[in-house]
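Given as structure tokens, the chain that follows is alone and in the form predicted on its own.
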Amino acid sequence: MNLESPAVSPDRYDVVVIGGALSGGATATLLMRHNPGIRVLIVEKSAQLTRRVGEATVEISGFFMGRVLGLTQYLNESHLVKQGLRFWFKNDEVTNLGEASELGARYLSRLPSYQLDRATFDEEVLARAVKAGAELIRPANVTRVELNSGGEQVVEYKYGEATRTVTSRWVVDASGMAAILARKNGWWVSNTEHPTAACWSRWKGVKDWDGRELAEKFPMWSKAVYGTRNTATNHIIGDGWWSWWIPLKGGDVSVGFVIDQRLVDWSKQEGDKLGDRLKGFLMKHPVAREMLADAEYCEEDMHWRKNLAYYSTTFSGDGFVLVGDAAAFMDPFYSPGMDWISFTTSSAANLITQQRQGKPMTELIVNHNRDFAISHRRWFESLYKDKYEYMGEFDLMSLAFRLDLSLYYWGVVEVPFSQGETALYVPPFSPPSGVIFSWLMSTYNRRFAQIARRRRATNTLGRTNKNQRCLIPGFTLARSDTLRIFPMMAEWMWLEMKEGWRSW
């Protein structure tokens, strides 16, 4: 039910969810599915959810949205099926799209993932949670949360001119980057090892990667790929930065960039308007210059955010649990945020369900905090720590991407597809087996960053960034596909013998 007034509902709930976007709506849905008769209140600050970063999903979040939340038909009707990831590189010799080195798939994707208009998608998830039985109050701002371990939690919110206080056994913080509980309780920590910043908007008039104009202008480029490029998440890459290009249903394209502030000085970009500065920055890349030639950004949908990465030192207690961006945010590269939502919401709903079944909470809370703290740290070190050092190098990124993708399929994606949704109760890289994948991934990530630093010092960056193409046939969940990692490991060893030893 959607409450018009806070006075019509009793003031005691089993669970209060702060935030009604995907994390909150999904957690509420799972709670009601596994706990018939549970009373769940969702407190959402907005009258209407708006577009946000996080439009692209990958295979785990595709599994979660389709098979766990049951949204496959809706996704196919209202959003775009995503065709993997694609990357474009340049050096000073690259003058046009056809000359830029390309990394991506040759064929269509094997497993489902999607390009989402988050405003409509999140509203759909929230509406289904309400239909399943959750109570929703909006727009309402949470003004106070009092946590009492093992007891009744107190939540105060303002709705219009009225203030209401409710109690519940559990509070789920799904407040996104507001991270209400983490900030209030001193758990919120900025990840200063990863000082990234982002600027983005939605655009109209961006060229079609699969259109006739580009096919006629660059015929050999067009013939190289058998699938489609336009519905992939295209990444235009530079030294220390990358740009995402995500098509949305209806024709808009989400375009923005992320920079490592140690490598790129955004303050030197020219332009009075933020949108003009964004466009001017992107137009220095020949691929972006081609695609944005006739495009216009939406001035009302322009955003800038510094110091993106952060995490909470506490993820749960006996009476509260943090999910999605309220728990941590690493980096939008590879679209991990939706996977993080899949694991945190599934684990949160399971934790609360176990308490309601009478399970002792002390060990469960300890394990939950341990697993997500270790998962976050290993996830960051394996994929993102200093990755911007070598991100702009076609040869290094081609090898890193194939290794990352292979290990993602082997160690993360295969598990829920074979074991079912309960596999989402255990986050990736968590103990005990996660240490093997983490060690391997963090080792080659660190080595590639060291190699790139030496290239930067010797002014040899970008040597392979022109007229090269790495087109991947695609991964499946067949066990035999895991063997493909061994030739990649051999490539890494050859790289070390040929060049890497100079940076040891």
Ligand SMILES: Cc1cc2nc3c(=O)[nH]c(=O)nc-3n(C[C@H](O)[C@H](O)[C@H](O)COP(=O)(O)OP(=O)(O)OC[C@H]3O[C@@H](n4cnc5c(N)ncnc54)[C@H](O)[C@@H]3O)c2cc1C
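Sequential numbering from 1, following the sequence displayed. Here the structure is a predicted model, which is why all the values come from computation and not from measurement.
There is also a form predicted together with the ligand; it is not shown, and the following applies to it.
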Looking at 277-285, 67-75, 206-214, 174-182, which one sits within 4.5 Å of the ligand in the predicted bound form if you count heavy atoms only?
174-182
Answer yes if any heavy atom of residue 141 is within 4.5 Å of a heavy atom of the ligand in the predicted bound form; otherwise answer no.
yes
Is residue 244 near the ligand? Define near as a heavy atom within 4.5 Å, in the predicted bound form.
yes
Partner proximity in the predicted bound form: residue 43 to the ligand, non-hydrogen atom cutoff 4.5 Å
yes
Consider residue 238 of the chain shown here, and say whether it contacts the ligand in the predicted bound form, taking contact as heavy atoms within 4.5 Å.
no
Of 332, 227, 98, 411, the only residue with a heavy atom within 4.5 Å of the ligand in the predicted bound form is 332
Residue by residue through 32-70, which ones have a non-hydrogen atom no more than 4.5 angstroms from the ligand in the predicted bound form?
43, 44, 45, 46, 49, 52, 53, 54, 55, 56
